[in-house]
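Just the one chain here, the form predicted on its own, laid out as C-alpha cells.
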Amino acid sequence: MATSEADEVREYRMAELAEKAGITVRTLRFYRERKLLPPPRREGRIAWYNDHHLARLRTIAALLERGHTLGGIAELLAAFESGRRDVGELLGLPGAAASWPAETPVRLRPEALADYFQGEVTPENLSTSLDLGYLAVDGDEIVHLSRRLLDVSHTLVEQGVPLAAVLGAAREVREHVDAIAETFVTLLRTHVLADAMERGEDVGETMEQLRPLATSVVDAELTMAMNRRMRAELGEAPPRGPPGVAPGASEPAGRYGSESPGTYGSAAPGRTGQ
C-alpha cells in the first residue's frame, strides 16, 4: 500500500484493494472490464487504486445486496458521473447574496439514496434530478440541495406518487416559481432598489429585508389557491362573503384596490381580513 504525500490519498495494488473490499481479484477485474470502476493510476506496469475505488466497490456491493443488477448499477453510476459538478456552484450564492437564507443540503451515499426511494432510483429519475439541480455528485457522495424538498419527495413517494410524477410536478413548479420571482424582482428593482442605490445603501441588505414579504405573499396565495382547488375537487360550496356582498361578487375595495375573493386582503374562512 502506498500513500501520496501531496494529498495523503491511500493507494492500493489490485490484490490489496480486492482484499479490502472483500472480493476476489477476478471479480475486481470483471468490474473493471464492465467499466464499473474508474481507471487506476498507472506507474509503469503497476496499477494503483485509491480510496475512491474502494468506496465505489462498497457501493456496488451494497446495491447488489439491495437487488440491483450489475447492468442497472452501471447505468446508475453513469448517471452519477454525468451529474458530477462543483457542489459549491450548486449550493453557493455569489456576492451580496452569500448571506441570504439557503436550503440545508443533505449528503448521501448512493445506496442510502436507493434505500430512501425504494425501487424508484432509476437512471431516468436520477438524470431528471441532476438536470433540475436537486442532486450533485461530490466524490463518492451524492448531495441533495434541500433537506425540505428531499423529505417532501420521500413522503409523496410513500403515499403512492411515483417519483417520476413528483419530479415532473417539480419541474412545472420550478417554472411557475421562477416567473413569480421575476415579478417580485422587477417590482423591487423598479420601485425600491434604484432609489436605494442612489442613496448609497447596501442593495443586498435591502433585498434581505424585503425578501420575506415575497415569501409571505406566495405562501398566502398558495394557501388560498389550494383551498379553492380542494373545495372544487370535493364539490364543496365556497365560503359566504361578508354581509351585503352577493355570492361570487367582488368584495368592496380594500387596501389594494378592487379585490375578489382569493386576492390580497381577502379573508380566509373563519378569519378576520388582513
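Bear in mind the structure is a predicted one, so any value in this text is a computation, not a measurement. If you superpose the two forms and keep the largest set of C-alpha atoms that fall within 1.5 Å, you have the rigid core. Start at 1 with the first residue shown and count on from there.
FYI, the form predicted together with the DNA isn't displayed, but the following is about it.
**Student:** Any of the heavy atoms of I46 lying within 4.5 Å of the DNA in the model of the complex?
**Tutor:** Within the cut-off, so yes.
**Student:** Is R13 close to the DNA in the model of the complex, meaning a heavy atom pair under 4.5 Å apart or at it?
**Tutor:** Answer yes; at least one heavy atom of R13 falls within 4.5 Å of the DNA in the model of the complex.
**Student:** With the cut-off set at 4.5 Å between non-hydrogen atoms, does N227 touch the DNA in the model of the complex?
**Tutor:** Judged by the heavy-atom cut-off of 4.5 Å, N227 is well away from the DNA in the model of the complex.
**Student:** Using the partner position in the model of the complex, report whether R26 sits within 4.5 Å of the DNA, counting heavy atoms only.
**Tutor:** Contact check for R26: yes, within 4.5 Å of the DNA in the model of the complex.
**Student:** Counting any heavy atom within 4.5 Å as contact, can you tell me which stretch out of 28-36, 54-62, 210-218, 227-235 lines the DNA in the model of the complex?
**Tutor:** Residues of 28-36 come within 4.5 Å of the partner.
**Student:** Superposing on the rigid core, is the CA of E43 displaced by 2 Å or more between the shown form and the other one?
**Tutor:** It does shift by 2 Å or more.
**Student:** Aligning on the core only, does the CA of R211 end up 2 angstroms or more away between the shown form and the other one?
**Tutor:** False for R211: its C-alpha shift is below 2 Å.
**Student:** Given a superposition on the rigid core, I'd like a yes or no on whether R228 shifts its C-alpha by 2 Å or more between the shown form and the other one.
**Tutor:** Not so; R228 is displaced by less than 2 Å.
**Student:** Based on a C-alpha change of 3 angstroms or more, tell me if E33 and L126 lie closer or farther in the model of the complex than in the shown form.
**Tutor:** Result: farther.
**Student:** Pin down for me whether the E111-R41 Cα distance shrinks or grows in the model of the complex relative to this form (closer or farther, change of 3 Å or more).
**Tutor:** Closer is correct, given that in the model of the complex the C-alpha spacing of E111 to R41 is reduced by at least 3 Å.
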